[in-house]
Each structure stands twice: as structure tokens, then as C-alpha cells.
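Just the one chain here, laid out as C-alpha cells, in the form predicted on its own.
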Amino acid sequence: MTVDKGLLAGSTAMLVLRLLEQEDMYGYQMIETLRRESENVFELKAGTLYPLLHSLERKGLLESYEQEAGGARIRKYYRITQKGIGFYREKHREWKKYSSAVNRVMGGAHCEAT
């Protein structure tokens, strides 16, 4: 299912921070986890994810570190900071309020896509 990118734009940072609240991850792992858990609705490209990760890192919401991953390969992992956890929780509260209001206007929990 294709979803308007405008709908996804505001939620991408929140989704990434949610993943990192669960565990440290590297970029491709985030892309695959979002794709799988959203049943292919969130299909981020590296060109979308990495600028977002760098922006979140500059804001102090996450930090990165490198770790060896099999042989000589080094992966860059990301982890959420305390500031990032607070930011994520606030955005999650806002999202719940917003999505609840949209669902009420659209016909409640029984609203289905046509």
C-alpha cells in the first residue's frame, strides 16, 4: 500500500526514536525493522534515514558509536539519549491525542480504508 509521503514526514523521527528506545540499531536494521513492523508501509530509503539520524544526533536526541560486526566490518550504531527519550515521549503523547481526534472525526475505531 502506498501512503502519501506528507503523512509520513512528521512521524519518521518519532518512529526512529521508538526503535532506538527498544535497542541500539544500525541504519539498515532500522530500515528493515520499520518495513517489517509496518507491513511495508514505512519503506525508508537510506537517503531519507541518514540525514534524519544526523539531524537527531546534532540535536542531542541520539548518539552514535562504531562496533565491529563480523570480521573487519565496522557498523555505526545509534542509541537514544535521555533527552531523546523525553522528546520521544512528548511526541508520542501528541501523536496519541492527534490520532485519536482523527479517528473520532473519521468515524471512530471502525473507520476502514476504502
Partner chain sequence: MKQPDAFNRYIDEVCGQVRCKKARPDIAGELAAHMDDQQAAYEVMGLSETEARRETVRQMGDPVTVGMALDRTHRPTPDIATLLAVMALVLLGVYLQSIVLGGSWSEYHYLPHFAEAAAVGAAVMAAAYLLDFTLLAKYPLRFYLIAALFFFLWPAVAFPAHQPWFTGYFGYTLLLFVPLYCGVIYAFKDKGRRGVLCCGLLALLPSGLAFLQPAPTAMLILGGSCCTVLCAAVLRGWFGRQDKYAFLLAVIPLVGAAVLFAVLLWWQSLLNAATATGIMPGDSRAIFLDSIMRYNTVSHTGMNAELNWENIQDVFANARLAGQMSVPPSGMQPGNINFFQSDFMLLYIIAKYGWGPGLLVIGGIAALVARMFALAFRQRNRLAFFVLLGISSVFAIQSAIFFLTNFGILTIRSFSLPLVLCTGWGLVVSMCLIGLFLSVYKYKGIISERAMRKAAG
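Worth saying up front: this structure is predicted, and the values here are computed from it rather than measured. Numbering follows the first chain given and starts at 1.
The next section is about a form of this same protein that is not shown, the form predicted together with its partner chain.
Each of Ile31, Arg58 and Tyr78 is positioned with at least one heavy atom within 4.5 Å of its partner chain in the model of the complex. With a 4.5 Å cutoff on heavy atoms, Ser38 does not count as touching its partner chain in the model of the complex; it lies far away. Within 4.5 Å of any heavy atom of its partner chain in the model of the complex lies no heavy atom of Phe42. By the criterion of a heavy atom within 4.5 Å, Pro51 is counted among the residues contacting its partner chain in the model of the complex. Put simply, Arg73 is close to its partner chain in the model of the complex: some heavy atom of it is within 4.5 Å. Applying a 4.5 Å heavy atom cutoff to its partner chain in the model of the complex picks out Tyr26 as the lone residue from 12-26.
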